[in-house]
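Only one chain is included here, represented as structure tokens and corresponding to the form predicted on its own.
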């Protein structure tokens, strides 16, 4: 068989042991697939979305209930965005728990971290674009966290929201960042990340002399497996989008209260819970930033796995990195659960 364009995106062969689903979890390929779904569905939504405070929520309702298959397109976009954050996080944890960030893959690890941050920011900006009562608390609290930054908080807040409080300029700026600024940067980093995977030697494996077996699979078999994984993911995503609707609330009004059932989007619930502990700048800014920096520098300052340990789960050489990542994961899950519990 003569290789086509998609075959040339893959190396001629890769080790069979490290190509197994239980090792890769198919997280990297699924992240690319979900990004493509978001791109296509987002372009379709742009035909109907109106980025003005009085029309944004109404235009989403029109798309959802009046446009043929509009509700399905919106649901696909919403659920793809949620799963992209989850799949990207799973991919990051897989890299840490297998030590796959060891040189020469350290820089590509940072590119992956950047993509995770961008996925969260894209999810948040898309969340705000609903401009309904369901996003009011997150919009007000999230922008006020910027205002809490010493010295530069107020100027940054004005730049972010376009005034002294959220309004029409805020929606336009979030819309611009969502469809162009963040999307463009994410697209560049994604292509760069995939390029570095090939340039750095593909999937992390031990040197040939230290491998337990030398069996390899071809790019044709690898592409077939990726196709099956994407077909299954597409089927599940389509079924979920058919039967479970994306959140939708009434348009924002000046008289509505933000105190009842006010919650951040699920990926920021842990930050919302920490805000109850005290100073918003420290708990809502410094602590999340410290977590991000700590995880980002794992490949540079933490012990590395031995070459012979690569390609396996939980190598002994990087147990410290595994412990730190696991502790952070458990802490975030616990804080998220606490945020979901009803107030006493």
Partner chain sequence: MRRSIFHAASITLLLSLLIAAWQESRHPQPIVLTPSLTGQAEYCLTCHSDLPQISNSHPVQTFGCVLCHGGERLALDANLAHSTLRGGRNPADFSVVQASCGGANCHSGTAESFNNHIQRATTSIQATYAGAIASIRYTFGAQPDLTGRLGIFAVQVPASTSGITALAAFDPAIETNPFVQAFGQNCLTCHLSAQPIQTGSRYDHFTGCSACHTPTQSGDLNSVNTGTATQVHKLTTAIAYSQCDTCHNRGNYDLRTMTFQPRADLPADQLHDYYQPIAQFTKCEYSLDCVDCHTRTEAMGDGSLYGSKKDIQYIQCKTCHGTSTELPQVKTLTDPNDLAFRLALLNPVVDLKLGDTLLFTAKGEPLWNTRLLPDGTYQLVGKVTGQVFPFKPVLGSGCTQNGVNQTSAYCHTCHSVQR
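If you're wondering where the values come from, they're calculated on a predicted model, not measured in any experiment. Residue numbers count along the first chain shown, from 1.
FYI, the form predicted together with the partner chain isn't displayed, but the following is about it.
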Answer option from 194, 121, 90, 228, heavy atom within 4.5 Å of the partner chain in the predicted bound form: 228
One residue of 149, 110, 188, 234 in contact with the partner chain, assessed in the predicted bound form (non-hydrogen atom, 4.5 angstroms): 234
The partner chain in the predicted bound form: contacted by all of 61, 69 and 242, heavy atom 4.5 Å: yes
4.5 Å heavy atom contact, residue 106 and the partner chain in the predicted bound form: no
Residue 224, heavy atom within 4.5 angstroms of the partner chain in the predicted bound form: yes
Residue 86: touches the partner chain in the predicted bound form, heavy atom cutoff 4.5 angstroms: no
Heavy atom of residue 250 within 4.5 Å of the partner chain in the predicted bound form: yes
Contact segment among 61-69, 24-32, 38-46, 293-301, judged by heavy atoms lying within 4.5 Å of the partner chain in the predicted bound form: 61-69
